[in-house]
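What follows is a single chain, given as structure tokens, in the form predicted alone.
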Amino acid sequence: MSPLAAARHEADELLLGLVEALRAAGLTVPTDRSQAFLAAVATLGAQDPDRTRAAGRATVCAGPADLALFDLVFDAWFARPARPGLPSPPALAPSRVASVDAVPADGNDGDPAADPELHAVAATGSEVLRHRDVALLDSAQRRRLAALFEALDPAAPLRRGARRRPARRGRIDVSRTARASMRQGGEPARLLHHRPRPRRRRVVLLVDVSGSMTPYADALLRLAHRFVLRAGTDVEVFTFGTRLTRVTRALRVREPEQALARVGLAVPDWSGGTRLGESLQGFLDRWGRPGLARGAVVVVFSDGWERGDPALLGEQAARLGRLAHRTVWVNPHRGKPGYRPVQGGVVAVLPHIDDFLAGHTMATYDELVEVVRGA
């Protein structure tokens, strides 16, 4: 990630922390308002606190009754003195941040609201959380991590389309050039050019929800939810364990908690066994070969613990590799110290995939988003 992108990401995390604090203080902030807040601050610039406050009041607050509470939490979050005549800032917002590894190195765990560098501490806590294994987080850290997913901006990669559009450079557009010449009575006209019109490439996500993947299933489905929200109809999501389930429609609900609840009701083999080869074969026979995987970027989230025949998994991975534009395998153990790809399922698929990525921290999910965007 470039330094500019990293700075933007940290600013988004800080603002999303403010949104979480507002929710904790009793303000109703739907996801679309929090996204509008981030977009407004990105437009106005995050260096000016007054502009940030104005952007928040305009986008986060639903009416005049919300403004006073917003100002209180905003002042507490950025460690500003509360306005005279108003009660003390709620301590919930900063304490939530402090719980995320934000305790200073000297052990001083005093009231973060009085810390003039609270925003820097919050950013540091978020940065630490981004590199934590999501399977080892406690409930408070998981709630904080859920807020960080709102800062992810996945996008479907672009490909060359069959249609063309006018351009300053590129191949000569003979038809348009000839018509322009005819309008001038046959006099030579300026050469006109055109270039292929880019189209978005389909992205297919296959999420392993078997027992060995249970600690990562919540985070992976939140990641899939962001892909569905941001890339729209160009994304399809399936879960698999002992059977394949299409959950794209369930993930189209904007609120993450509601979307995950609907997925939980739709998936019958949650935390069960793993039959990777049969599940992948079912996907290719019913959905992949007819067109869903053809030319698409297919991302498989799995640790590769196969209870079936690894040879079958290898055959299906080879089929997938021939159909898809790019095949990405995301293993939550890939980035851990001492990991070796010796599992039967992993050994079977490695010759047939394009990327083998880690998938156990927020930072690795950022890397995956960039790999898919550039595929």
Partner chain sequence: MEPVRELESALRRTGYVCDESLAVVVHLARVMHRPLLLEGEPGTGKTALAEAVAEALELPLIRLQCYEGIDATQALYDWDFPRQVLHLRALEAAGATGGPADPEEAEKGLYDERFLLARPVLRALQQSPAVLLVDEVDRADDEFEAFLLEVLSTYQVTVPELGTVRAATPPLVVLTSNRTRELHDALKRRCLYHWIDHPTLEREVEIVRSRAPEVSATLAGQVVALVQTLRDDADLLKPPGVAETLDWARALHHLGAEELDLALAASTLGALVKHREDGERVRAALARSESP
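These numbers come from a predicted model, not from an experiment. Residue numbers count along the first chain shown, from 1. For the two forms, the rigid core is made up of the largest set of C-alpha atoms that agree within 1.5 Å on superposition.
Just so it is clear, the following notes concern the form predicted together with the partner chain, a form of the same protein that is not shown.
A.B. asks: I'd like to check something about residue 336: if you look in the predicted bound form, is any of its heavy atoms closer than or equal to 4.5 Å to a heavy atom of the partner chain?
C.D. replies: No - in the predicted bound form, heavy atoms of residue 336 and the partner chain never come within 4.5 Å of each other.
A.B. asks: Is there a non-hydrogen atom of residue 55 within 4.5 angstroms of a non-hydrogen atom of the partner chain in the predicted bound form?
C.D. replies: Contact check for residue 55: yes, within 4.5 Å of the partner chain in the predicted bound form.
A.B. asks: Can you work out whether residue 322 and the partner chain are in contact in the predicted bound form, taking contact to mean some heavy atom pair no more than 4.5 Å apart?
C.D. replies: Judged by the heavy-atom cut-off of 4.5 Å, residue 322 is in contact with the partner chain in the predicted bound form.
A.B. asks: Would residue 212 show up as a contact with the partner chain in the predicted bound form if we use heavy atoms at 4.5 Å?
C.D. replies: So residue 212 does not count as contacting the partner chain.
A.B. asks: Look at the stretches 341 to 349, 302 to 310, 324 to 332, 57 to 65 and give the one with heavy atoms within 4.5 Å of the partner chain in the predicted bound form.
C.D. replies: The contacting stretch here is 57 to 65.
A.B. asks: Could you tell me which one of 198, 272, 268, 290 places a heavy atom within 4.5 Å of the partner chain in the predicted bound form?
C.D. replies: None of the other options qualify; the answer is 290.
A.B. asks: Within 4.5 Å of the partner chain in the predicted bound form, heavy atoms considered, which of 254, 159, 142, 193?
C.D. replies: Selected residue: 159.
A.B. asks: For the stretch 167 to 199, I need every residue with any heavy atom inside 4.5 Å of the partner chain in the predicted bound form, listed N to C.
C.D. replies: The stretch touches the partner through 175, 178, 179, 182, 199.
A.B. asks: Aligning on the rigid core, do we see the C-alpha of residue 212 shift 2 angstroms or more between this form and the one not shown?
C.D. replies: For residue 212, whose C-alpha is compared between this form and the one not shown after core superposition, the shift is less than 2 Å.
A.B. asks: Superposing on the rigid core, do we see a C-alpha displacement of 2 Å or more at residue 341 between this form and the one not shown?
C.D. replies: No, because once the rigid core is superposed, the C-alpha of residue 341 moves less than 2 Å between this form and the one not shown.
A.B. asks: Establish whether a shift of 2 Å or more occurs at the C-alpha of residue 176 between this form and the one not shown, with the two forms superposed on the rigid core.
C.D. replies: Yes: residue 176 shifts by at least 2 Å between this form and the one not shown.
A.B. asks: Pin down for me whether the residue 248-residue 29 Cα distance shrinks or grows in the predicted bound form relative to this form (closer or farther, change of 3 Å or more).
C.D. replies: Closer together, which means the C-alphas of residue 248 and residue 29 are at least 3 Å nearer in the predicted bound form.
A.B. asks: Given that the CA-CA distance for residue 62 and residue 252 shifts by 3 Å or more in the predicted bound form, does it become closer or farther?
C.D. replies: Closer, not farther.
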